[in-house]
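Take a look at this single chain, the form predicted alone, given in structure tokens.
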């Protein structure tokens, strides 16, 4: 009999119950006990759901109130001194690390936040100070295992592995990962002993960093950590779980250690199958085969999966089939999609449905003739039948593209002079990234319109009133370049996808992005084309209210692609170019209607960058950068093109970003110590830049003095003529109470520094 396993499960709940419980707690509407009880109930539901779906090895401790990397930092007692100094209770200290704190006990920034490998999930970056006393701390892992045990459930505790933790952590002093190896290994060894005593049969240590490019020293560190840890495991079996790729750099090292199980990704791991077939699989170990895609929402193709597992059976008899990664990255269940017709729904599998796929695959693989099983035959019929007809016009448009379509003229230097004369902006021009707070009024207006309770005329009138108020507020604050506020937009991708051919949208297909921030990615169902103008009327109205320039606000093709669930029947490059052509039409329409600044956000440019550098250009950058250039190459030289990027490591692709040929680029920088500026200088970055001067993902209000300090730091390395002043992201998740004073402090700080210059 073949067992099934799940790497991790969504924690937000089928209807975002965790999000709402936490936000009520932060607002003081609920007590800590209420939040903890809501979390406990969600864990119970999710465990029983997996049990009742036939999953044999259910994860525990994959649940988090904010982030698993943050949980691991707390588990290792790696709490920076600035948070300890606040003397907050445990949960409030935890949230101070996640969100920052501003109150009677002090004022601290949150930890940095970065993208989790090649996903849209953001993790909190642990900070390891030289003085950090690493030791096993807290009882979360053990408590949640015992909680499941009390329900009669067999679970495998899941913890971020020590190597990935150290590789992703930030070291604030002189010490390096190697300096912390011994105490970190001792803490994990102590954890294994605790779980062994509690009766755990398997413990899953997640090591996704093993699928990245590794040096010999990093592999040696990995081996050092686990030699010490595995000596202490006792009776508990330890699974080294990898995902998001293959472990070609360290396959022999992993196989040679005393792991009881090795989890490999057969979905994204280009070389995973060949590693097993060419190098073999170590005797006595169990292969946890990730064969059900944890990151996309299309049905599993049983024929291919059964073939893969049959091949693996030639190399080991000990196989447990499971998900390729945590199901955190897909929506909860299709059951809530009441408006999706059956003809389309049958092609999808969300987290709950993927549990069913694992159960069906287990049954097929346990049978003598899997190809004769009803589930197999139904699945084969699904993949034989054509899903849709191609849009010949979209395909022809892409095929007709030439080099001129990707090249903007004149060159950057000449455009820059033209635009300086056109706009006559002051030194250090101030602006925002685009969105303003999505208040209850904003959300209610949109919801009432969608429910048919108000007319389109009333809906548009309400939006225009909010736009007018927003323009007046920005003029009063003193911003130099304005935005319309985006009150008509639910999400920066969803809004455009709803108006483009080729996209499907769900009702409640929420996916966690970070903390309580959830997004509802659309599905690219078919070929993409623009039906009609999408943003022009609101942009033109906003510009009519002021003499100052108002940016037209668009989302770029790569971000729309990366923040959607992509097709699996066409190359990503083709989808990107189709989207780019649609957004290009919108850019030219905005320009034709008098919008002189157009921001095309590529917040997710880095997100799908392959994890191995050798794949960066041929598999991604060679089409992602041209897709952006395709969008704006047709505009006039006096039209200024902006773009925005956030919450990723950009330092190593700065030259490629410069090659996007935008006129102004704003970056997230407030949580990354402005390190991106050094990278800009190293490559001779020509584009004007706006490194974010304050963090909008925290509720704290930055002081005028701290923004002045950030600007002075920037000006030591960047010429004032190249520098813009802005927050590090859109303001939609913030409230008016934080937004207005933050922007006033930002503008005053810019004016102070401008006078000094």
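Between two forms, the rigid core is defined as the largest C-alpha subset superposing within 1.5 Å. The structure displayed is predicted, hence computed values, not measured ones. Residue numbers count along the first chain shown, from 1.
One more form of this protein exists, namely the form predicted in complex with glutamine (GLN); it is left out here, but the text below deals with it.
- Residues with any non-hydrogen atom within 4.5 angstroms of glutamine (GLN) in the predicted complex fall in just one of 594 to 602, 509 to 517, 229 to 237, 374 to 382: 594 to 602.
- Contact with glutamine (GLN) in the predicted complex, defined as a heavy atom within 4.5 Å, holds for exactly one of 351, 325, 553, 97, namely 553.
- Proximity to glutamine (GLN) in the predicted complex, taken as a non-hydrogen atom within 4.5 angstroms, holds for one residue of 208, 434, 437, 261, which is 434.
- The closest non-hydrogen atom of residue 732 lies within 4.5 Å of glutamine (GLN) in the predicted complex.
- Although the partner is absent here, residue 665 is not a contact residue: none of its heavy atoms lies within 4.5 angstroms of glutamine (GLN) in the predicted complex.
- Taking the partner from elsewhere, residue 148 is found to have every heavy atom lying beyond 4.5 Å of glutamine (GLN) in the predicted complex.
- Heavy atoms of residue 488 never reach within 4.5 Å of glutamine (GLN) in the predicted complex, leaving it off the interface.
- Core-superposed comparison between this form and the one not shown: the Cα of residue 491 travels 2 Å or more.
- For residue 697, a C-alpha deviation of 2 angstroms or more is recorded between this form and the one not shown after rigid-core alignment.
- Remark: with the core as the superposition reference, the CA shift of residue 324 between this form and the one not shown stays below 2 Å.
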